[in-house]
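Just the one chain here, laid out as structure tokens, in the form predicted on its own.
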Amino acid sequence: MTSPDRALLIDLDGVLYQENKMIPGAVDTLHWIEAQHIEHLFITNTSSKSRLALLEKFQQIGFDTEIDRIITPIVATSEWLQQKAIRSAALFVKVEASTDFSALDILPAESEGPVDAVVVGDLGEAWDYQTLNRAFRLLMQDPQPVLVALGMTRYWQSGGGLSLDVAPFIKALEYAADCQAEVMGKPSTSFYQSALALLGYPAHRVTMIGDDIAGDVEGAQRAGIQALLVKTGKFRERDLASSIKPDGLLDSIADLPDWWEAQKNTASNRSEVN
């Protein structure tokens, strides 16, 4: 039995956990969501881990879910490349994330041979001039391969502070190779629409919860989805001065049950007045 009213899209890093540390109250909230029979999916721009690795992380923190509830740019990209009949790709992702690309012919590391697509995800500290320049050289081939971005997150909150994510490297490659990337993660509207299709709910009956004012809040709102901003993860007070306005602000996801019940009561009161 699922909730007939609304469904949830929930970001992972910065909302449920930060690196290997759980956000206080997050697991309790996940159990509350299940107890309330609220339909939900986990939607993340994480491109450094496979979907199976993310599932295992859930299990390690004491919460079990189905692997199909986890939506990542890697899964969306693999499906999109197959739909476009793109068979070969150069991957700029961490080794542990490459398993979700098993259907593709992967160009060997260091090779600059012909390829149909250049897929760029989170390489973290593995980025250097040689690696970025290899991606550039591949994109300069004729015909030009398609550049695929596994999300367009600008930065994330690591244990050592804010750290660059995928978007800055994509922007550098777009400028140098004079091309436009296909974005397969947040804030792409098509990525959110794919999540809505899997949920089986229209946009106006779905709430997104995230810590990124641009990728989570603005991206969801552009797709017609209500968006809540949590004050954990990469959140900074200056986000509140942005032109992007969240539909709700929570100290953390631990406050979701109270916010949810308050919204239900407000809707009920309006119904009685009418």
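So that there is no doubt, residue numbering starts at 1 and follows the sequence shown. None of these values were measured; they are calculated from a predicted model.
Only in words, not in the display: the form predicted in complex with a further copy of the same chain, which the text now covers.
**Student:** Even though the partner isn't displayed, in the predicted complex is residue 155 close enough to a further copy of the same chain, meaning a heavy atom within 4.5 Å?
**Tutor:** Yes - in the predicted complex, heavy atoms of residue 155 and a further copy of the same chain come within 4.5 Å of each other.
**Student:** Any chance residue 87 has a heavy atom within 4.5 Å of a further copy of the same chain in the predicted complex?
**Tutor:** Result no; residue 87 lies far from a further copy of the same chain in the predicted complex.
**Student:** Indicate whether residue 163 is a 4.5 Å heavy atom neighbour of a further copy of the same chain in the predicted complex.
**Tutor:** Taking the distances in the predicted complex, the answer for residue 163 is yes, it comes within 4.5 Å of a further copy of the same chain.
**Student:** Could you confirm whether residue 167 comes within 4.5 Å of a further copy of the same chain in the predicted complex, counting heavy atoms only?
**Tutor:** Answer yes; at least one heavy atom of residue 167 falls within 4.5 Å of a further copy of the same chain in the predicted complex.
**Student:** Could you tell me which stretch in 133-141, 70-78, 102-110, 88-96 has residues with non-hydrogen atoms within 4.5 Å of a further copy of the same chain in the predicted complex?
**Tutor:** That would be stretch 133-141.
**Student:** In the predicted complex, does each residue in the set 63, 66 and 198 place a non-hydrogen atom within 4.5 angstroms of a further copy of the same chain?
**Tutor:** Not a single listed residue reaches a further copy of the same chain in the predicted complex, so no.
**Student:** Pick out the residues of 106-129 whose heavy atoms come within 4.5 Å of a further copy of the same chain in the predicted complex.
**Tutor:** Those in contact are 124, 125, 127, 128, 129.
**Student:** I want to verify one pair: residue 92 and residue 198. Are their C-alpha atoms nearer or more distant in the predicted complex compared with the form I supplied, knowing the change is 3 Å or more?
**Tutor:** Compared with this form, residue 92 and residue 198 lie closer in the predicted complex.
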